[in-house]
Ligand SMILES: Cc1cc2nc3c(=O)[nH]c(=O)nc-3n(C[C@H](O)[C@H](O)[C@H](O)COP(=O)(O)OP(=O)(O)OC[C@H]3O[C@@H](n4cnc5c(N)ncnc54)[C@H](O)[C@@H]3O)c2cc1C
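What follows is a single chain, given as structure tokens, in the form predicted alone.
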Amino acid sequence: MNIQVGRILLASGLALFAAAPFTPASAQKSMSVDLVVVGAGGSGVSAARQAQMSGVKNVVLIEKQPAIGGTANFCEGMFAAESSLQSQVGIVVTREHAFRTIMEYSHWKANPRLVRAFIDKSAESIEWMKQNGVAFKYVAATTPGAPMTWHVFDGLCKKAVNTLAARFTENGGKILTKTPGKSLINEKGTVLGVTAEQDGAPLEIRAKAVIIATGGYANSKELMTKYTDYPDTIPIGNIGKDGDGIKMAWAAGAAKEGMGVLQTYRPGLPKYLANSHLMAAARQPYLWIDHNGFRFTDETIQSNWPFAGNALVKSGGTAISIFDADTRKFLETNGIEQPMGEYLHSGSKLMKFEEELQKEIATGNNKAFVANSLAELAQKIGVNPAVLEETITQNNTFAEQRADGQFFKSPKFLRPVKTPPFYAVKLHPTMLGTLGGVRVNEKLQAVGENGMPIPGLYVVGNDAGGMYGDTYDLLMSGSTMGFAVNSGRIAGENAAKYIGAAK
């Protein structure tokens, strides 16, 4: 997604399981199929449906949660270049431009063969989604000035994934929820199935090939601590993403790639919806300071989430957004200037700000503050009053002169902090998921340290490394959901060829 903003900020993520469209099959000790896909998110469902359409007759899709979709339940659209929808409205984004943009952004740390395969498949995948009953609303970009590659689904990603899943089961596919994969069946270097657990009992699924699509390791404290710069990054819309599939592939001999790359999102707080008025106010690009009271960034980078995440981690992991009564009145009367995805557009008036502010203050979490003087505000947020006063004086000078003499921020977003009461909201790094783990080739085969594929094993979506360098790329809007669908489709097609060759 790029799994995009949208519904990702569901309070604790528990809404993910509100209505499971599939139920566990009756407990059994073993089964034999042609293909097993581990994980029923955007990439897993795409892989299963594509394998089925490529002629694999007996496909089972297992999911450890009680409902399918994973983080794809919260995105809005997917990437494509040279699609029919772009052509219809005169949008020109060539495959060459997309390839060069991705590779140059990553400083050529991304896997070029994988990137090219992803891009080349993207336009076809729009037609494939339509063929499977998925409709689109429009094409846009999520970052100002970025190529218009974001193909937004009618009903957003959750409806798209459920539509694909319905087509899969209508055509004989089987989905087993509450059935986590535990390990791969590996015989003499060839993967021949999965051991799983169903209703607390072991289940052996023998298969001719396995596709891993478990969605990364955002909820694994162990892996986050070992591989990331800021292990306390807040996972949004992720539940049970413990790196299960990644560890299974490693145990089978797959090499590591892309560990530590996060799908960083706008700084925020846990348990806030995408349409939160408190968060929308705090995320406006006006004045952000670090935990010592110093300004640390051009605040407009919040529209390019990975940049904002990187700057926030480098500054120590805490941003404090500060504004005054005049700015609050402006946001309530005129509305926000920077949109918050599809849920609060530019001009949305923040009439629920006071209600949400008071609720947050009442929690005692010390994340939101209001004060009648800057000295009082400094005391509440825990910074040196002299430093805060100097920072705000400098900010007010920049606002008066209509020129940011420090970080060259657009004058449009220079607002003074003069009129009490004064407001502050602490923000922390957040992410929509992790973006790597297992080294793959352009066929989405898992490969070992020697670069050779592991027979029978494919890895897709957020479990696969190589799509990004060291930083999530928001320039190609919709890239993570796009990669979920396209990597799933590529794996499904190649698994079908492999299974055919194995007969």
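If you're wondering where the values come from, they're calculated on a predicted model, not measured in any experiment. Note that residue numbering follows the sequence shown and begins at 1.
If you look for the form predicted together with the ligand, you will not find it shown, but the lines that follow are about it.
**Student:** Counting only non-hydrogen atoms, which stretch in 413-421, 288-296, 377-385, 175-183 is within 4.5 Å of the ligand in the model of the complex?
**Tutor:** After filtering at 4.5 Å, what remains is 175-183.
**Student:** Between the options 446, 467, 59, 38, which residue brings a heavy atom to within 4.5 Å of the ligand in the model of the complex?
**Tutor:** Spelling it out, the residue with a heavy atom inside the cut-off is 38.
**Student:** Tell me, yes or no, whether residue 437 is in contact with the ligand in the model of the complex, where a contact means a heavy atom of each within 4.5 Å.
**Tutor:** No, residue 437 stays farther than 4.5 Å from the ligand in the model of the complex.
**Student:** Using heavy atoms and a 4.5 Å limit, would one call residue 65 a contact residue for the ligand in the model of the complex?
**Tutor:** Yes, residue 65 is a contact residue.
**Student:** Can you tell me if residue 491 lies within 4.5 angstroms of the ligand in the model of the complex, counting non-hydrogen atoms only?
**Tutor:** Residue 491: no contact with the ligand in the model of the complex.
**Student:** Although the partner isn't part of this model, could you tell me whether residue 267 comes within 4.5 Å of the ligand in the model of the complex, counting any heavy atom of the residue?
**Tutor:** Outside the cut-off, so no.
**Student:** If we check the ligand in the model of the complex, which of the residues in 123-158 reach within 4.5 angstroms of it by a non-hydrogen atom?
**Tutor:** The stretch touches the partner through 150 alone.
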